[in-house]
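Next up: just one chain, as structure tokens, the form predicted on its own.
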């Protein structure tokens, strides 16, 4: 289990940045998480496209192109030598004055973490996890747009804390208008009357790479899918619920606010999506 940290092209066992970096001081940063399959980062092009879109969303100019970042990722993977790796790419605003004005930050930092992929128990996939519909609201798109993947995650942290106090493993948030959005680090899907439903982008979500792949898989395999807006209470009427993300992939939810979802185990559509997504990864070039 080896962790390597690449800071602006310098690969180290430990990494250090200035406490005056605005990424540290104010969460003024963007990031992406990528995982490997058979040693190769999958969906890397999609993740890097979103990284640059996030940079544009906060008026941050990344000092290198995608080719440079890909080379640094591969060099860091080679240095770590793990069988499979979790990769986090972070771009911070850089060192500046001790105030929120970003104009004093002239040199953004590019940081690449590589470590072993976090292990999720087979029991979680077989039985599903518990979630809670929390009171913490997802940020409004007019405040801090969730479509921009920034390092400012206190909103999500507080939602996770509330869920844990309720005895749940993760949180589901609604937006300021009470509409379902997503989990703390994952997108939300639920099944009702045989239809697969997921909050639309207009609700204020980060449209995950895994989410987009699931939508394609559903459309290609005869699963009726609808993107829309639903009040939080609608989730309690769901027959099935699951979360999606780069690390957790497709994670069934069996308990919502201490009550079983459906019959309390992963349902048929969830299981089909899990199988289809697993096959998609297996067949990547």
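Residue numbers count along the first chain shown, from 1. The model shown is predicted, which means the values in this text are computed figures rather than measured ones.
The same protein has a further form, the form predicted in complex with N-(5'-phosphopyridoxyl)-D-alanine (PDD), not shown here; the description that follows concerns it.
Shown without its partner, this chain lists 215, 206, 90, 203 as candidates; in the predicted bound form, only 206 has a non-hydrogen atom within 4.5 angstroms of N-(5'-phosphopyridoxyl)-D-alanine (PDD). A heavy atom within 4.5 Å of N-(5'-phosphopyridoxyl)-D-alanine (PDD) in the predicted bound form is found for exactly one of 139, 156, 72, 130: 156.
N-(5'-phosphopyridoxyl)-D-alanine (PDD) in the predicted bound form is approached by residue 245, whose closest heavy atom lies within 4.5 angstroms of it. Contact between residue 109 and N-(5'-phosphopyridoxyl)-D-alanine (PDD) in the predicted bound form is not found at the 4.5 Å heavy atom cutoff.
Remark: residue 58 does not count among the residues lining N-(5'-phosphopyridoxyl)-D-alanine (PDD) in the predicted bound form, judged by a heavy atom distance of 4.5 Å or less. Contact annotation for residue 31: at least one heavy atom lies within 4.5 Å of N-(5'-phosphopyridoxyl)-D-alanine (PDD) in the predicted bound form. Of the candidate stretches 164 to 172, 75 to 83, 185 to 193, 101 to 109, only 185 to 193 has residues whose heavy atoms lie within 4.5 Å of N-(5'-phosphopyridoxyl)-D-alanine (PDD) in the predicted bound form.
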